[in-house]
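Shown here is one chain on its own, the form predicted on its own, set out as structure tokens.
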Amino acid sequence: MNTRVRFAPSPTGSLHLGSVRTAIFNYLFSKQTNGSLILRIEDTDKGRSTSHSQEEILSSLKWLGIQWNEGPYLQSERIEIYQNYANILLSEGKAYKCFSSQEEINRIKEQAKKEKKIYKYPRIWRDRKDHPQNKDFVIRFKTPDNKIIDFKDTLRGKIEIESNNLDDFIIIKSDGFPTYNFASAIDDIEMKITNVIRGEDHLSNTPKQILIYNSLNAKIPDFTHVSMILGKDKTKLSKRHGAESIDNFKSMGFLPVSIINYLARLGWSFGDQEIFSLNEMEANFSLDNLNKSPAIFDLEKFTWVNSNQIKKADTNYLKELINFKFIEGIDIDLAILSAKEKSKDLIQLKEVLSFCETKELNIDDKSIESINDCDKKILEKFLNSFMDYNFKNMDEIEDFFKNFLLNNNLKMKNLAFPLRLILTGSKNSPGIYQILKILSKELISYRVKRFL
């Protein structure tokens, strides 16, 4: 049977990092096994699910380049399917209608709290047949007594739980909508999911879903519950640890491949390699190389990964991402090639390239004052000599520059610093040889003469 995995977010907010990493693991596993990734939107929480969140999730996945093979399937459009399965369980005596009111349930919970007991629904309607007419009800699963529910987790080994620890959990709410555990299990059965890869926070849901699988004589998928992502202070990841959503990181200038690279490495390893292309991750990802220890989110490390991915990125790809308007007289490819070596994100990349955006630069007064009259005379002499040469490449520019320094008994800083400032308006710019090659002679002459 072909591998079939699913990513099943709830549209109740932005994609947080834990969810994105789950999507990445499922995507990479489907690619590595030549399987299929199914996208399922679990939107049965009517009070919290929004179309805006759904659109944001789809947009984020597309921007990241995480492609799915089927879907998106919306659970809200599959209500009849869940109800049909619930009716099968009712007819086979594996589920029952419960007419206990919410007020009654609340009283039972309060009593359990007073007695310092764990609340379990006391099965009031489990075997009753005197069903009232025209009264709201939920459908509960009839949890068997004294059974060991066991399953194998590919990361954590065999896990067992006694059925007596579970109550008769609700599978269909009074509004006719399914609960999470029921809809998730039914969809996994219907969609023939072979591997469920999700966060370890879902471990407590798995025994209930196993019961549903067994009650329908369905094949149980292989489970992999991946570790949680924690902040550097070892607490649950939150806003204070850095940006919380993909849109945040996109606005901060992170590349899609950087996000996939960094999040995949939180819990997965391939030797000592840190920087991966998407093709490398797709080829080398394996569930066997996952780590069950909590992963630590480190924004500094994330930024380091991003800077390395920018250095590796294709020039045309970066040009498309930054949507930057270059003026005439710029060697665009060299400009981007030079700027990406000095940039940790796309925002900084655009800042480094700012001298290529407008003909006239605004140089702050303090920087202008740092250039003295002696520097100005050197600049004028350099410009006159520079304009007389027809340079074919950067090596020739470098040779010319060094010879000019030597012939005029100058140090690099005497010429490179003021010239770089005048030509780019910034200290955070490519090296002087690169600048002299990036800018046309006309631009160089214009900016130096304008300053002088």
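Numbers for residues come from their place in the sequence shown, where the first is 1. Remember, it's a predicted structure, so these values are computed and weren't measured experimentally.
What follows is about the form predicted together with the RNA, which we do not show.
Visitor: Which one, Met228, Ile79, Leu287, Leu379, lies within 4.5 Å of the RNA in the predicted complex by heavy atoms?
Guide: The residue from Met228, Ile79, Leu287, Leu379 that makes the contact is Met228.
Visitor: Name the residue from Asp130, Glu328, Glu115, Asp272 that puts a heavy atom within 4.5 Å of the RNA in the predicted complex.
Guide: When the RNA is considered in the predicted complex, the option within 4.5 Å is Asp272.
Visitor: State yes only if every one of Glu200, Arg265 and Ala416 has a non-hydrogen atom within 4.5 Å of the RNA in the predicted complex; otherwise state no.
Guide: Spot residues vs the RNA: full contact, yes.
Visitor: Looking at 293-301, 250-258, 278-286, 82-90, which lies within 4.5 angstroms of the RNA in the predicted complex, counting heavy atoms?
Guide: Looking at the partner contacts, the answer comes out as 293-301.
Visitor: Does Asn428 reach the RNA in the predicted complex, with heavy atoms at most 4.5 Å apart?
Guide: Asn428: yes, in contact with the RNA in the predicted complex.
Visitor: Considering only heavy atoms, tell me if Ile186 and the RNA come within 4.5 Å of each other in the predicted complex.
Guide: Output for Ile186 is no: heavy atoms all beyond 4.5 Å of the RNA.
Visitor: Is Val138 close enough to the RNA in the predicted complex to count, meaning some heavy atom within 4.5 Å?
Guide: Because a heavy atom of Val138 falls inside 4.5 Å of the RNA in the predicted complex, the answer is yes.
Visitor: With the partner left out of view, is Arg420 within 4.5 angstroms of the RNA in the predicted complex by any non-hydrogen atom?
Guide: The answer is yes: Arg420 has a heavy atom within 4.5 Å of the RNA.
Visitor: Heavy atom within 4.5 Å of the RNA in the predicted complex: which residues of 20-37 meet that condition, in order?
Guide: Nothing in the stretch sits within 4.5 Å of the partner.
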